[in-house]
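Next up is one chain by itself, shown in structure tokens, the form predicted on its own.
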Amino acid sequence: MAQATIGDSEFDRDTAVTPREDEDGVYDAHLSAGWTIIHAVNGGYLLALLGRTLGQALPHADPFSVTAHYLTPSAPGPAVVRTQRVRTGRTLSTGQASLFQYDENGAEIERIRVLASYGDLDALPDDVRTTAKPPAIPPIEHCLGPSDAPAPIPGSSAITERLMLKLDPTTLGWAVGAPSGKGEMRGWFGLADGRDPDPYSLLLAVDALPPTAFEMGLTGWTPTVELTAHIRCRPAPGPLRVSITTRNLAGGFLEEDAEVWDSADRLVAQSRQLARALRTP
């Protein structure tokens, strides 16, 4: 199968929106069932869809900082995105977007609300001063994907068929009933059709790995409450490396800090999210 290209991929089609001719800043969307976890639509996919929408609505196309509050679970099907320009400057534009779906009576229910700043990643200076280092992950051929699991993985679903996801075996104790107790998840990430990464797919990458709660011994769903992603530069072609850590689970909530590195060993995205840790009965 030929490798998909940016703009001609299932990911691009499933995050596309259509502007309404009669309503400025309003877009129609369809949430694909292909990006679900169990029955809910993946939060990273939603972030990417809203990120692409704001890239169309604002004069700058590249997301720099995106903060999302997940209000109610999204379901596959039609949706509407309402956007608003907050501020427009020479180097940064700020806007907000909300995604709505409909209840059985046709009333709109807000699913997710985003506030974001956009700019031009190609205009950033080359100067980098950092102490950050790429995560130590074994080569892809020594990592494991959903098809390598000895039994069905909790939470696996349609989204796994659309991802190239190979996880570090040292973060997979949960898959064989022996979680390490550490809040760590690491792996190689890409789209299954071979499409190279771009700023929008980075918004997916920060929330596409299994939750760190699995390796802490929890097997329930961990719905995101709030997520902030920073896109640091345009990623180079090739697979990404994603590292996610949790240091504190307390009061039924945990944080997840993610780093995304590209094939040129550059830190291309960072995120922090607050999630609920729901225990199974």
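This structure is a prediction, so every number in the text was calculated from the model and none was measured. Numbers follow the displayed sequence, beginning with 1.
Keep in mind that the form predicted together with a further copy of the same chain is missing from the display, and what follows is about it.
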| property | result |
| --- | --- |
| Contact segment among 90-98, 136-144, 199-207, 185-193, judged by heavy atoms lying within 4.5 Å of a further copy of the same chain in the predicted complex | 90-98 |
| Touches a further copy of the same chain in the predicted complex: residue 30 (any heavy atom, 4.5 Å) | no |
| Any non-hydrogen atom of residue 113 within 4.5 angstroms of a further copy of the same chain in the predicted complex | yes |
| In the predicted complex, residue 228 touching a further copy of the same chain (heavy atom, 4.5 Å) | yes |
| Distance check, residue 106 to a further copy of the same chain in the predicted complex, heavy atom within 4.5 Å | no |
| Partner contacts for 235-254, taking a further copy of the same chain in the predicted complex and a 4.5 Å heavy atom cut-off | 246, 247, 248, 249, 250, 251, 252, 253, 254 |
